[in-house]
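One chain comes next, on its own, written out as structure tokens in the form predicted on its own.
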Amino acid sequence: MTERVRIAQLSCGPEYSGVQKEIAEAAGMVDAEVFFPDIMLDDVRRGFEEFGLDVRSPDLKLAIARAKALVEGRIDADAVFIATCFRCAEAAIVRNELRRYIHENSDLPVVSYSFTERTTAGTLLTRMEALTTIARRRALLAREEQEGITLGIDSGSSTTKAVVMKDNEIVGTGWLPTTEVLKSAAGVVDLALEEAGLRMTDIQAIGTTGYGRYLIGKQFDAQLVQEELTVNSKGAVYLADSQHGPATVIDIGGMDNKAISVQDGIPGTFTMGGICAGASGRFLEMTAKRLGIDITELGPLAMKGMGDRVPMNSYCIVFGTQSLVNALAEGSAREDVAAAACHSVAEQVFEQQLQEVDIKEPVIMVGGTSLIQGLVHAMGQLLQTEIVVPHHSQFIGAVGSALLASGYIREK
């Protein structure tokens, strides 16, 4: 029987907001347990004084002391979950500093989260699953080459992708809109196998990821069913040839976004989600529709425009749509509107997700939105760095699944 993963919780406020039971439930769903590290009162005084942050909240002082105990090895834990209320500015500063401190001074995987009273176990599930995956499957995540013939399937909110890999090369791909989950999965698998010139009986191992991973994993009898945070980060550094040293992975998806700090191919800190779909690929799809173009035309059009000519608010998809309508009604050039939309999404991702991870080069953008040239350009301008978009970046989840699934091929 697999031992339960022990996740140390550093937090302020979840007990008073009713969120603590949701945190515990999410951990239990992935056979993990959250616990509050036990420390002495002297540890609190010493930790607060040595850490250097002049905070007023007793709970935040306690979180700081617990973080120091974890880094110093006085507390046994497999991972760390940092949670504070989204309304508290002081807590946001402490959360960010603790996340950086633990990441830089230990090997513990860390996720930080700002909760609301409406945070549920379902909201936290993928984060908890990723923490337990890193703790349990570190050897698998260290895999750098694909072996044999494997199939990876990524069932996303907008599109479903499949990749067939053979002896460390991609030999077949498939891409379809996600309609019925199983039907879309079957369709992309057929496309990938046809391109590879192979049959299903040739496949030695299967990996699934994405929103529909459990359903398609059961349907295809997959050996690997894994959340997209660890799978996508592995696929990203593999395709970008950045499996050694630091890297930052950005995935702006159809429903949510992911930012992952990776070291030697293994995620260290990560965040996902977004306040609103206005900061996701959905808003860019809506922008393309309003402009009367296909989403594939949005990037080149945006590269011709000047985003600062059009005020844009994609913080909320409703207000963002209103900004689009107003800009077009006032006669703004279509290319300027396209550029403004790309910049707005990049800016929101920067403010919402990238503040929760340490940004280190290379910065790798993946997923379908990485093919939107205007969005990649806007992100590069914000981060003042050249963004890496590897070949096959849109198949990142399927590639990561196929790569990791090869670790399950039994020797014959």
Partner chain sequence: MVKVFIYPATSLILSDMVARFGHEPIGSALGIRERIQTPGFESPPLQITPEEPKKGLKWAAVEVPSGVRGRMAIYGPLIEEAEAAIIIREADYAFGCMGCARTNELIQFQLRQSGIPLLDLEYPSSDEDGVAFVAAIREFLAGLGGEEGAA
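Residue numbers count along the first chain shown, from 1. Bear in mind the structure is a predicted one, so any value in this text is a computation, not a measurement.
Keep in mind the form predicted together with its partner chain is missing from the figure; the text below concerns it.
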Practice task
Among 138-146, 123-131, 338-346, 84-92, mark the stretch whose residues have heavy atoms within 4.5 Å of its partner chain in the predicted bound form.
Solution key: 84-92
Handout entry: Residue (of 387, 30, 62, 371) lying close to its partner chain in the predicted bound form, criterion heavy atoms within 4.5 Å
Key = 62
Fill in the blank from the handout: Residue within 4.5 Å of its partner chain in the predicted bound form by heavy atom, from 219, 116, 296, 168, is 116
Exercise for the section: Answer yes if any heavy atom of residue 403 is within 4.5 Å of a heavy atom of its partner chain in the predicted bound form; otherwise answer no. Expected result: no
Practice task
Decide whether residue 44 counts as a contact residue for its partner chain in the predicted bound form under a heavy atom distance cut-off of 4.5 Å.
Solution key: yes
Handout entry: Proximity of residue 381 to its partner chain in the predicted bound form, heavy atoms at 4.5 Å
Key = no
Practice task
Please run the contact check for residue 12 against its partner chain in the predicted bound form: heavy atoms, 4.5 angstroms, yes or no?
Solution key: yes
Exercise for the section: Can you tell me which bits of 224-249 touch its partner chain in the predicted bound form, meaning any heavy atom within 4.5 Å? Expected result: none
